[in-house]
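Given as structure tokens, the chain that follows is alone and in the form predicted alone.
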Amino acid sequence: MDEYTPKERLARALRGEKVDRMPAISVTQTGTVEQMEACGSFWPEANEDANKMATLAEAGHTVIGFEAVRVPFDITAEAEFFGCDIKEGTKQQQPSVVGHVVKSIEDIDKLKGYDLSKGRIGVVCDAIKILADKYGNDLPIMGSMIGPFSLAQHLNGDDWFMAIMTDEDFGFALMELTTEFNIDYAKKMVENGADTMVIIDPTASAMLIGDEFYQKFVVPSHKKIVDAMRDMNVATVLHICGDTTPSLTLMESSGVDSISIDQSVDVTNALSKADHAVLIGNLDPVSVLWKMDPDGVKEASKKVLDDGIRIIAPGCGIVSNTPNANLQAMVEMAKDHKY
């Protein structure tokens, strides 16, 4: 079998094509304190400055050994872009959304006509350009964004879960805005050099809203994003938190290339549910990657590999205090795994 560059290997693996060995990646956030100390770029500044963001993303490759570089590190830039109040992060903690801006269709109308060069959205795109200029010939450049359903929840607050059930006109209007934004944002990341797109949609869970509302509000939006990326020859990864096993068929109906599964998902069961999408995951970022020693990580990784996962990776965002040695142990297991 041919030996591929990391860029070729990941592109093929995400689409279920034959590769020489497993890619060593994380599709969820990669920043850790030890990496910050190694490269000199720290949160929260690395969330706000394109050069610092690129430097910390690069550490995932140069320090840990991930065969891809990925930005950003949090899922609040999109809500901040639209005017939501944000609690600033720290060296160890990511920022969070604490205030919302949409209560009515009139509020939605006010958010149209946005400029993607502004705020942290522009910073992320600039960081992608920096990384692509340096690594784009050989390494995958992964862009990531919060998905349209979870962005709608950030904009509307917890009222969102009731709104989709009691006011469909409002629900569809907000999803139209967030989906259009996601497509525009993803296209700009690709234009700046991203070749893989990760959609992090944590609250878009059929376990939370039921199959009916997932089918009605989530699938069409995800499909529009996936179709836009496919037109640009960009592979897509979808991550939704929690045990998504019962809804994997619904999730892959959007046409997404790959699905990142949470640590609460049983891999063997999940593989029996997913007919087309490549499954990525699902090492526990807390009890395994943070809490264990490297030998424990290797043992846990072997179990996930033996269960048949196609691409081993963290089951959710990496905890900032995770030791480099533990992430390196996961990478080592991935690189040693032949299909």
Partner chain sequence: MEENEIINGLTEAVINGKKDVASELAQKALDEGVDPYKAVIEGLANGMEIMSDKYDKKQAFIPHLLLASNAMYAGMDILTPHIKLEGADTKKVLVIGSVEGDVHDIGKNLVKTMMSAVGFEAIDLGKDVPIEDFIKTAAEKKADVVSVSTLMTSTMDNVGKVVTGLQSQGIRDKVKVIVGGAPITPDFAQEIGADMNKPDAMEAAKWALEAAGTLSPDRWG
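Residue numbers count along the first chain shown, from 1. Keep in mind it's a predicted model, so treat the numbers as computed, not measured.
Just so it is clear, the following notes concern the form predicted in complex with its partner chain, a form of the same protein that is not shown.
- Although the partner is absent here, K87 sits close enough that one of its heavy atoms falls within 4.5 Å of its partner chain in the predicted bound form.
- Contact annotation for V123: none of its heavy atoms lies within 4.5 Å of its partner chain in the predicted bound form.
- Under a 4.5 angstroms non-hydrogen atom cutoff, its partner chain in the predicted bound form lacks F42 among its neighbouring residues.
- For the chain shown alone, M232 is not a contact residue for its partner chain in the predicted bound form, no non-hydrogen atom being within 4.5 angstroms.
- Here the chain stands alone, but in the predicted bound form its contact with its partner chain, taken as any heavy atom within 4.5 Å, falls in 165-173 among 183-191, 129-137, 165-173, 112-120.
- Out of the listed residues V63, V286, V33, A274, V286 is the one that sits within 4.5 Å of its partner chain in the predicted bound form by at least one heavy atom.
- Of the residues given (T245, Q215, S253, S96), S96 alone sits with a heavy atom within 4.5 Å of its partner chain in the predicted bound form.
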